[in-house]
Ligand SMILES: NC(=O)C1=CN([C@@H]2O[C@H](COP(=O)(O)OP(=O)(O)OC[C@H]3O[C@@H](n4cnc5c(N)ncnc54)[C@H](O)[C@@H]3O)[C@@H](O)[C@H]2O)C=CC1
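A single chain, nothing else alongside it, follows as structure tokens in the form predicted on its own.
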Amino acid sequence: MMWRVARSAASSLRQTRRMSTAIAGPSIVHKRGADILHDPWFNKDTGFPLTERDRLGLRGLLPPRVISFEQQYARFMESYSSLEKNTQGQPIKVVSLAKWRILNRLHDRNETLYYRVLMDNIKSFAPVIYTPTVGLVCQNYSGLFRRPRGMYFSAKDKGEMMSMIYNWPAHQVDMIVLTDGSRILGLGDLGVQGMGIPIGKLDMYVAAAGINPQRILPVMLDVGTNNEKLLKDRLYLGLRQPRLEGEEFLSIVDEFMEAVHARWPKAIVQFEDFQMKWAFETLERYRTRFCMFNDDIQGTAGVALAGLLGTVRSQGRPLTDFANQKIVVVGAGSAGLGVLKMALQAVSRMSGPEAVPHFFLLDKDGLITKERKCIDPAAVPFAKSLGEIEECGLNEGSGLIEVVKKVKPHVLLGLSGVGGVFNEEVLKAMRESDSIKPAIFAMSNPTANAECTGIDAFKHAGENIVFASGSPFENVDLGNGKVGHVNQANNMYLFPGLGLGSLLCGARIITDEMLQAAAECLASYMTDEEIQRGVLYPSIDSIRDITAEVGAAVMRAAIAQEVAEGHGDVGPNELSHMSKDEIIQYVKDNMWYPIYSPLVHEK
């Protein structure tokens, strides 16, 4: 199979410079004077030219000097650099929250400048507005809350959501990220404080996919919390009641989904950080009725599959050898089961439906077998029979270290949420892997919940491994000029392209084939040379190029499956006649980019 050459970050920067010189069309504004200054979408701070100040009633409300966009940008970056310098040596949590605050204040005041800063410095700022700092923000959200962003639907709003949805001022919404706060990263039930997740995800949609920020909507579905600490916290902003369960819970989600799609029929809804039982239940409940997906199940699975396929390439094996890979997955939650489901689909497509994959699934009670009582229905397809485990010398409930020693897996993949579970003994056992280049994926977030660090992986499992983590870690200096590459197997490589591609083709639903196309596109992005060096995922600096490619792959799959209904003036027939390159260009042409546009007042 031919693998295309990955674009460099320099290409992306050249595109950015070309776009920054574009002439922006005027924006119609129905406000005047101080109301404009208080609206972060239209506010330009001191960047309003004098003629605009006159026609919008701003003269005298701002200092007389006009500061250009570039000067404002440079001033903010200087402030940020000063913050970094002044917080050196302070605890990491203090520094992380200080960085988040300075970016959040800019977001509250001037969205155009905020998104430009974010896009141009995505590698530095993604860890601040997204993983891993977003977990810390959610833990402290009630105390950090200053200005409302997004919408809050609660159990108290039952029967009112169809009218409430019209309280949102935007006439059109393209992308919604929804959470109930029940399983925030690896932090558990954070209730209404989980709102930080949809906000951070949608910032990544804007930065990586160019979704227009006027057409995004973060949503918290507050059905209570079982977190006793939060219920007793005087600052907690959510409902002070236990979580709704069963049909009561589902009726709230049903009402919200009906309300959203009554007003915005083409809006895409991304479910985020729902506890496992509701993650699978809601995915199956809505996926054939609405254009929606669950990022924890499907996004994580796609990114993991891309890394797993890259691992096969790093061994110098054909992709069809993926069916022979022995994969041990630690963590039987929504993410772990989602990865195995997509991996099973890939094996079936490569080797036929009769192929028997070599997957071993463990949870807190050890290896999951068919003999176990009260097994989760979603885990049943991956439970091993007694005969299968006896062949490996294992028993029902065998622990991680025993499984690794007996199975000698090609891949050890962690989505357990248990920090350090890949300890020294486990990692050293991976030295006996049957693979010439074993892979260790420590994918749990936030950083404290990672199954192991990059340093520990290379130290104990050996230098000849492939390593990936969910949170960012630095590359590891192996000495003698060698570098142990730490790949960030983060959903940010996949969900922006999945959402954008689905939007731009007007997908009626998001199918498994569209997800597979996204994963395989991401897997093919790296060159053979990069793969051999252990680089499985591209630099985040080129995230917009990656998203364009993934989005185009999603569109092609949707067109092939006849679920694409067209977008705007481009109908399904026109889409079906576009070449691969034309679709990629179509995606790029529809990415929003932040520049100040002239404002024209209209009553």
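Quick note: we count residues from 1 along the sequence shown, nothing fancier. Quick caveat, the model's predicted, so the values are computed rather than measured.
Only in words, not in the display: the form predicted together with this ligand, which the text now covers.
Engineer: Among 140-148, 472-480, 430-438, 410-418, mark the stretch whose residues have heavy atoms within 4.5 Å of this ligand in the model of the complex.
Structural biologist: The contacting stretch here is 410-418.
Engineer: Can you work out whether T311 and this ligand are in contact in the model of the complex, taking contact to mean some heavy atom pair no more than 4.5 Å apart?
Structural biologist: No, no contact at 4.5 Å.
Engineer: Hey, in the model of the complex, is G497 touching this ligand, heavy atoms inside 4.5 Å?
Structural biologist: Contact check for G497: no, nothing within 4.5 Å of this ligand in the model of the complex.
Engineer: Looking in the model of the complex, any heavy atom of G196 within 4.5 Å of this ligand?
Structural biologist: G196: no contact with this ligand in the model of the complex.
Engineer: Indicate whether R240 is a 4.5 Å heavy atom neighbour of this ligand in the model of the complex.
Structural biologist: R240 lies outside the contact set for this ligand.
Engineer: Using a 4.5 Å heavy atom cut-off, which residue among T453, Q516, N445, N104 comes into contact with this ligand in the model of the complex?
Structural biologist: None of the others qualify; the residue that does is N445.
Engineer: Just to be sure I understand the contacts: of S502, T179, T225, S334, which is the one whose heavy atoms reach within 4.5 angstroms of this ligand in the model of the complex?
Structural biologist: For this set of options, the contacting one is S334.
Engineer: Heavy atom within 4.5 Å of this ligand in the model of the complex: which residues of 293-307 meet that condition, in order?
Structural biologist: The stretch touches the partner through D296, T300.
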